[in-house]
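Only one chain is given next, in structure tokens, and it is the form predicted alone.
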């Protein structure tokens, strides 16, 4: 029986939804391998996080509570997670393919001498055993990766898996004596300059309104889509072209080199639909495209398409939605 260890991501005492997506992946893998799932909670003052996860059916919730883990520096986090994997005999270490996961997991793999599969979107049965399916060439192809090392390290693309539901019960919580060795890591936390927004986190939002290069600043820019996002309680995203041209902040970027999202509703407004952008949003449940050119690639993946000027169509759509809501 193999043990799967899932790294929980959290913020201000709250479990991130991304963790629940990875937890569902771990459950599916456990069903295939006859294994069990444990959860690792790293940080400082993380008791509420562990408590919030007790109803999700984990065998054990391992808590590494240490002042040097208050901010997730990759080196110390990787050491503690690798130490925990060794002490529990975990055969798979999994985390979300987020900024944190992409920073920490390769270091964990190096410490464990483990093979790694990144951005996994599915599990596949092959004659060589269970394979991890992951996109390559900006999502144009899918590769099935079989890892032959004793321990596997896996980052999971959260958009490919639903969020795990609570199953009841109360998993036992076990403290782990963490030794981050912050001094040896030769790094220290100075400060965190985060983007403050009243809108939902882009990676977790159920509605995303994204704009592209067609939203020229001289015509109103991204200001035209903000009322739509506000009305729907959604997050705002952007194509790389819009970010590169300075139309919006880089934390809006969606795509191969940005954030990967899969909301219930995705608006692609004045976005052409280059393959790099599609790689970051094509798993959205419903895609609505608005563009002046009917031959743009975005219409090939859209569930609903409107050939129109965004600076005319979007305000009209906002007014119609307001009327319906009222």
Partner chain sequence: MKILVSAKRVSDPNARLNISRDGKWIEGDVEYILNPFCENAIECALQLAEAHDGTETVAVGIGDDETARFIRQGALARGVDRGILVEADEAVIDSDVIARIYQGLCERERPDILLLGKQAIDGDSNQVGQLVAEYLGWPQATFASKVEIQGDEVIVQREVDGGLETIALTMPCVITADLRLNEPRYASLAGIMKAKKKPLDELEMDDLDLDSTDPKVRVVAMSTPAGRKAGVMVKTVDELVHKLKTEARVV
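For the two forms, the rigid core is made up of the largest set of C-alpha atoms that agree within 1.5 Å on superposition. Computed from a predicted model, the values in this text were never measured in an experiment. Positions refer to the first chain, counted from 1.
Keep in mind that the form predicted together with the partner chain is missing from the display, and what follows is about it.
> The partner chain in the predicted complex: within 4.5 Å of a heavy atom of each of 195, 259 and 304?
Yes, all three are in contact.
> Tell me the stretch among 210 to 218, 246 to 254, 87 to 95, 169 to 177 that has any heavy atom within 4.5 angstroms of the partner chain in the predicted complex.
Partner-contacting stretch among the options: 246 to 254.
> Contact with the partner chain in the predicted complex for residue 182, defined as at least one heavy atom pair within 4.5 Å: yes or no?
Judged by the heavy-atom cut-off of 4.5 Å, residue 182 is well away from the partner chain in the predicted complex.
> Examine residue 292 and determine whether its closest non-hydrogen atom to the partner chain in the predicted complex is within 4.5 angstroms.
Outside the cut-off, so no.
> Would residue 145 sit within 4.5 Å of the partner chain in the predicted complex, counting heavy atoms only?
Contact check for residue 145: yes, within 4.5 Å of the partner chain in the predicted complex.
> Can you tell me if residue 24 lies within 4.5 angstroms of the partner chain in the predicted complex, counting non-hydrogen atoms only?
Heavy-atom contact with the partner chain at 4.5 Å: absent for residue 24.
> Given a 4.5 Å distance limit between heavy atoms, list every residue of 178 to 194 close to the partner chain in the predicted complex, or none if there are none.
Those in contact are 185, 186, 187, 188, 189, 190, 191, 192, 193, 194.
> Hey, does residue 137 budge by 2 Å or more at the Cα between the shown form and the other one once the core is superposed?
No, shifts by less than 2 Å.
> Using a rigid core superposition, assess whether residue 188 undergoes a CA shift of 2 Å or more between the shown form and the other one.
It does, since the residue 188 C-alpha is displaced 2 Å or more between the shown form and the other one after the core fit.
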